[in-house]
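Take a look at this one chain, the form predicted on its own, written out in structure tokens.
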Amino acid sequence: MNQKNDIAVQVSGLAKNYGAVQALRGVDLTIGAGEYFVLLGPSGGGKTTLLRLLGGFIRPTAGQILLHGRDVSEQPPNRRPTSMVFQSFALFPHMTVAQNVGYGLRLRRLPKAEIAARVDAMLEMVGLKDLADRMPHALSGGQQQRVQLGRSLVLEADILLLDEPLAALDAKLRKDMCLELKHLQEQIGITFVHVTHNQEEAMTVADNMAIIADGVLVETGTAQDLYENPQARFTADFIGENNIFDGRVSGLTGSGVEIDLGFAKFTVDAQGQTPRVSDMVSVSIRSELVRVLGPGEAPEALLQTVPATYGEAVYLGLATSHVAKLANGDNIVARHVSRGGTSDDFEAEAPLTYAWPRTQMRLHLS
């Protein structure tokens, strides 16, 4: 089994064009062996294109793909140490569960006894041992997904590629399957590369993840890093619920950056970045860190404040979002834990102050 400090996937300058359309542009990415790595981003952003390039189902326009140090850029799927789990279950309707799982082994013309033993062990691993003789039409969505997983894993490839594997499942089953996938990957120890546009799904399973949009790799990191310390404006806008303010750098003071938003001025820590005066930049703050100060309530020290006109409360179960309008017409949201039958008593159109810790603001140069 590969160790986590080894490199399973390394791509450099990877690009894919379809005529004039650039589906993927100059991607550089490294994935460690034994990692559960997630490619996250909006639909049409290039995630599946990258996954199919790794699997050899399409050829790159430019760039290089190394799998465990071997250049496979021009190799077909059967010459790569990968196996693919597709978005659709794609099971053979005339075959039993066991026959579906063993299909790839039969193509390799392995001895019948070896096929039977490996299929039996895989059915045990994915929780389908009692359903070996059942036909696909008699299975639930989650069971069908386990069959497809078993069919891919039984081939014993070093890298499993998963293309939106939970998209066809309902929300509750998707959550359950997320945990099952993570536990299965930890048990087997091979590299999983999982494509999804669902951030909750991604954050549940990922050791590390990459944000991909418009054919570009925007940012990589752990789920916690990307949620709490996004470097790119796009990441802040895509993950979690962030309030984002766009403005111009009006001054630099030591490690601080003065930003003129037009309706207010913020001073934000540069966070190791080097903006210049007059640069257009953005600042984000997560909505759960924002408080609504009641009428006459004085802000605490070290809080950034902005005046706003209260709009409405949106009840979301665990949390309630309090939406207000800023002087420039943009919305600001404060997300508070719901109070079990009671709510904050803010009147529509009331002038209020929204406040948050200055140290929690994030500066984005792009």
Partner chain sequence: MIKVRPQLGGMGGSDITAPIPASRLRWQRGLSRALFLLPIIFMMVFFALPLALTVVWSVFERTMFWMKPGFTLFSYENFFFSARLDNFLSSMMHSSVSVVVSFVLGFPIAVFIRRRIPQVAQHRVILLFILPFMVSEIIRIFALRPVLQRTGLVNTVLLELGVITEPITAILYTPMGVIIGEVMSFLPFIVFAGFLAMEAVPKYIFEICDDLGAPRHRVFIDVILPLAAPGIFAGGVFIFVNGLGVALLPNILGGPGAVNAGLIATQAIAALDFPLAMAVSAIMMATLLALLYLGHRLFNLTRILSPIN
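Here the structure is a predicted model, which is why all the values come from computation and not from measurement. Positions refer to the first chain, counted from 1.
The form predicted together with its partner chain exists for this protein as well; it is not shown, and the discussion that follows is about that form.
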Look at the stretches 255-263, 241-249, 188-196, 279-287 and give the one with heavy atoms within 4.5 Å of its partner chain in the predicted bound form.
188-196
Just to confirm, residue 339 within 4.5 Å of its partner chain in the predicted bound form by heavy atoms?
no
I'd like to check something about residue 118: if you look in the predicted bound form, is any of its heavy atoms closer than or equal to 4.5 Å to a heavy atom of its partner chain?
yes
Would residue 74 show up as a contact with its partner chain in the predicted bound form if we use heavy atoms at 4.5 Å?
yes
Since only the chain is shown here, I'm wondering whether residue 158 would be in contact with its partner chain in the predicted bound form (any heavy atom pair within 4.5 Å).
yes
At 4.5 Å by heavy atoms, is each residue in 200, 313 and 324 next to its partner chain in the predicted bound form?
no
Which listed residue (33, 303, 29, 319) meets the criterion of a heavy atom within 4.5 Å of its partner chain in the predicted bound form?
33
Contacting member of 270, 167, 132, 110, with respect to its partner chain in the predicted bound form [4.5 Å, heavy atom]:
110
Within 47-73, which residues have a heavy atom closer than or equal to 4.5 Å from its partner chain in the predicted bound form?
59, 70
